[in-house]
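Okay, so here's just one chain, in structure tokens, the form predicted on its own.
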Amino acid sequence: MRLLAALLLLLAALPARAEEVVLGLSRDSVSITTDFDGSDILIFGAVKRETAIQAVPPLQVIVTVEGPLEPVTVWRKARRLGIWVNAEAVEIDSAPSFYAVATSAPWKESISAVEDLRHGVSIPRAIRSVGAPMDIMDSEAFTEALIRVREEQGLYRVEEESVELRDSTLFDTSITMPANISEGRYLTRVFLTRGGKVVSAHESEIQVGKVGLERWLFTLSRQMPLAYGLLSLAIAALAGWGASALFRAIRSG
């Protein structure tokens, strides 16, 4: 009931437009602690309209969550003199550290290729790679390899038909953020589409950052690396001594 009341208040506050998306988030920040094992973000919203609901083509919803952009170097290994070495590399100008896409329908029914190119919705469109060395003829293979690796790490994902759309008005979905996400600003976008064409879009942000002991250790490792190294050695020595003492106690009965 609270969710519905919040959406109705948001709808009443908007100016009149043909069809417009209203977005809400269950939380606007994610804290990375020492025992952080991932987080789920509930994304919900509604469609404000001044006319009757258009049945055909049906309304669809696409939700994306994009982590901070960063340059990436992708290497390809090759066998040289009997051993595998990094032989070729392509510099990808910017790739999101995390990218999730959720749709209310199969991808081909949700958005056209032209609209995907225009708004940069799919994972390949979110990655920017301007050029590659002249001796590399298949630079697309490096981008595909980056996507494949990050999909295996849970950092890139496409979840078709995971957005629940009720009466072409209310929608919600849940995006799972894994434990290995990076700090920074995460851009959340919602697209309303009809017949593959985007009719409305809305953006919001989620802040992801380390807190508590995790933040202290991260800051210590960057600003005082010698102290961080000595502390790590002390903890390792203490853990080894504790384990040895425990085994001696067990053997002595």
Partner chain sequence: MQIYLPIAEVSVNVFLLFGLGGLVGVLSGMFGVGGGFLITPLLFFMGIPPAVAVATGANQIVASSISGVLAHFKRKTVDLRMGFVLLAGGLVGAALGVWIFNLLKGLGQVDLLVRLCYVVFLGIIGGLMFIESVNAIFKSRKGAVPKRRHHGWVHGLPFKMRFRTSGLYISAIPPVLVGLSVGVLAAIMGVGGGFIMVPAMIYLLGMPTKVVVGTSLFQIIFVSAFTTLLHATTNYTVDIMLALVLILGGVIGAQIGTAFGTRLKAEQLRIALASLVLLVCGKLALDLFITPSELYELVAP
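Whichever C-alpha set is largest while still superposing within 1.5 Å between the two forms counts as the rigid core. Not measured: the values here are computed from a predicted model. Residue numbers count along the first chain shown, from 1.
Another form, the form predicted in complex with the partner chain, is not on view; read the next lines as being about it.
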{"item": "Residue contact check: Gly229 to the partner chain in the predicted bound form, 4.5 Å heavy atom", "value": "yes"}
{"item": "4.5 Å heavy atom contact, Pro71 and the partner chain in the predicted bound form", "value": "yes"}
{"item": "Touches the partner chain in the predicted bound form: Arg118 (any heavy atom, 4.5 Å)", "value": "no"}
{"item": "Contact label in the predicted bound form: Lys210 to the partner chain, heavy atom within 4.5 Å", "value": "yes"}
{"item": "Residue stretch of 120-128, 146-154, 162-170, 107-115 approaching the partner chain in the predicted bound form, non-hydrogen atom distance within 4.5 Å", "value": "146-154"}
{"item": "Heavy atom distance at most 4.5 Å to the partner chain in the predicted bound form, all of Val158, Phe191 and Gly196", "value": "no"}
{"item": "Of Val47, Ile32, Ile206, Ile41, the one that lies within 4.5 Å of the partner chain in the predicted bound form (heavy atoms)", "value": "Ile32"}
{"item": "Sequence-ordered list of residues in 58-93 near the partner chain in the predicted bound form, where near means a heavy atom within 4.5 Å", "value": "Pro71, Val72, Thr73, Val74, Trp75, Arg76, Lys77, Arg79, Gly82, Ile83, Trp84, Val85, Asn86"}
{"item": "Did Ala52 shift 2 Å or more between the shown form and the other one, C-alpha, core superposed", "value": "no"}
{"item": "Post core alignment: Ala201 C-alpha displaced by 2 Å or more between the shown form and the other one", "value": "no"}
